[in-house]
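First comes one chain, alone, set out as structure tokens in the form predicted alone.
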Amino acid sequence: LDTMKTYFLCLSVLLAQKKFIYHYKNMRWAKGRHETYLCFVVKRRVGPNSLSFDFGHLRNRSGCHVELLFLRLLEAGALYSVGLCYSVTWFCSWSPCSDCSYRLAQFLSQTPNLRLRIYVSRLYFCDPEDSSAREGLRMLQRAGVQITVMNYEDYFYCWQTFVACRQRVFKAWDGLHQNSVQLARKLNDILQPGEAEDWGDAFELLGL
């Protein structure tokens, strides 16, 4: 896998509108969506009052999950240099699987100068309460990762930043808000199970 070539390709090419909507649509049953897309923003502090930015997108390639592909880019030096402080934001079509969560948590424990925030469109294999994917998300949270379900504002930002939108305004699909709210509730139940009843009361007030 030529990680450097893949990086520069993804950095220079914006996502097609139909591809973004197809892979990021937050439907409950995402049939046929076997790939994971990851849009990223990397901020690095290069001086007391100076930041530099990289952004782009990746998808699964040659059997390598996209989260691990991103780590390969870091290890190859495409996005990362020792000694600088980094803030990394991901917008993922699926939340990480258990193995990727473990690898990410392990990497972050060895890289204290990098902070990671993950926004997800859908939750990957998180329906069973005892699923390893759920425990993986809790592991990431313990490692200091902020995990959030994407809402309209996040989709709008991605549309403007990562998509060849040609000045076309992002239009929400049917069910975007309701699905986002329900997924946020599920994610909260996974990460903060003791607060589930309080969230339940709040969602009842919203009629959801």
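Since the structure is predicted, the reported quantities are computational estimates derived from the model, not experimental observations. Each residue number is its position in the shown sequence, starting from 1.
Just so you know, the form predicted in complex with the DNA exists too; it's not on screen, but the next bit is about it.
K.L.:
Given the stretches 41-49, 166-174, 142-150, 28-36, which is the single one in contact with the DNA in the model of the complex, using a heavy atom cutoff of 4.5 Å?
P.N.:
In the other structure, the partner sits against 28-36.
K.L.:
Find the only residue in V88, L104, L123, L137 having a heavy atom within 4.5 Å of the DNA in the model of the complex.
P.N.:
Going through each option in turn, the one that passes is L123.
K.L.:
I have F70, R117 and D154 flagged as a candidate spot, so tell me whether each of them has a non-hydrogen atom within 4.5 Å of the DNA in the model of the complex.
P.N.:
Result no, not one residue of the spot touches the DNA.
K.L.:
May I ask you to state whether E75 is within 4.5 Å of the DNA in the model of the complex, using heavy atom distances?
P.N.:
E75: no, not in contact with the DNA in the model of the complex.
K.L.:
Is L183 close to the DNA in the model of the complex, meaning a heavy atom pair under 4.5 Å apart or at it?
P.N.:
Outside the cut-off, so no.
K.L.:
Does at least one non-hydrogen atom of Q178 fall within 4.5 angstroms of the DNA in the model of the complex?
P.N.:
Flag for Q178 set to no.
K.L.:
Indicate whether the DNA has at least one heavy atom within 4.5 Å of a heavy atom of L84 in the model of the complex.
P.N.:
It does not: once the DNA is placed as it appears in the model of the complex, L84 has no heavy atom within 4.5 Å of it.
K.L.:
Taking only heavy atoms into account, state which residues of 51-72 are within 4.5 Å of the DNA in the model of the complex, ordered by sequence.
P.N.:
N60, G63, H65, V66, E67, in sequence order.
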